[in-house]
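Consider the single chain below, provided in structure tokens and representing the form predicted on its own.
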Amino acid sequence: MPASIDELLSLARTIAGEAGELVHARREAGVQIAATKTAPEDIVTAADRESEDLIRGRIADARPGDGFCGEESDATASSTGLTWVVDPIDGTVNYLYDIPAYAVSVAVVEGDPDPATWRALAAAVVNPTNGELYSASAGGGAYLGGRRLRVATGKQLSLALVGTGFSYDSRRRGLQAEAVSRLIPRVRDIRRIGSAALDLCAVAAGRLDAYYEKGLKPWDHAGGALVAAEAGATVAGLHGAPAGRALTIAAEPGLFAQLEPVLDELGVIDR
């Protein structure tokens, strides 16, 4: 079904907002853990599943034939060339503890749901705790509400506030912490917020100067990566590789050029 990017963006914004309201209401009522995934720390709540069901249903109603790739349900192949890549709650542990840093991320991409090959078209990322809605479209810029976002330039690595995240696997998390301990003396400071989608949007909004993380799934970064890129950030892996599971780095181009070799030196991609 043909659609303009503006139409896709409008749909992403509407659906993300509706799912955000649902997620917030369920948090107010109390969280129920439905299951664990890769580790006991890696949880799924009933609200994760309910949010994804809502998003999936709204997309199916509006865009029959589009593919779907979400964190909590089976993928559906596309007959239109478009696939929706969705994280119903990014930052579920924050959600469990009522830490106000979790997000609903809704993105639509052209091609297969593979960060190495897709072309992101439109995205919306909402923080349900404060109603902040980030959005972006290919070639159309990035916004926080109605405010256009642009990354600041000229930042030196030594003065950069850098965000990151850690694996649910305790062994890998320890190795990642070792790398952070060696990075801290070379930057202003480190932040671990707990939501990759919000971290990427924070780079776009100037709340972080840079962000990196290994192990991200497509739904973790599809929305936030487009927001960051449309705000002027370079979003990629090491040595020209696309952002993805091996490594995702986001920063304005000059800072990216300073941070990338340091992360390579620290062996982040091998951890």
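Remember, it's a predicted structure, so these values are computed and weren't measured experimentally. Note that residue numbering follows the sequence shown and begins at 1.
Heads up, the form predicted together with D-MYO-inositol-1-phosphate isn't pictured, but that's what we're talking about next.
With respect to D-MYO-inositol-1-phosphate in the predicted complex, the three residues Y168, L216 and D220 uniformly fall within 4.5 angstroms at the level of their nearest heavy atom.
Comparing 138-146, 182-190, 117-125, 158-166 against D-MYO-inositol-1-phosphate in the predicted complex, the single stretch with non-hydrogen atoms within 4.5 angstroms of it is 158-166.
Using a 4.5 Å cutoff between non-hydrogen atoms, P113 does not count as a contact of D-MYO-inositol-1-phosphate in the predicted complex. Among residues of the shown chain, S195 is one whose heavy atoms approach D-MYO-inositol-1-phosphate to within 4.5 Å in the predicted complex. Not displayed here, D-MYO-inositol-1-phosphate is kept clear of C201 by more than 4.5 Å at the level of heavy atoms in the predicted complex.
D-MYO-inositol-1-phosphate is not drawn, but in the predicted complex it has a heavy atom within 4.5 Å of T92.
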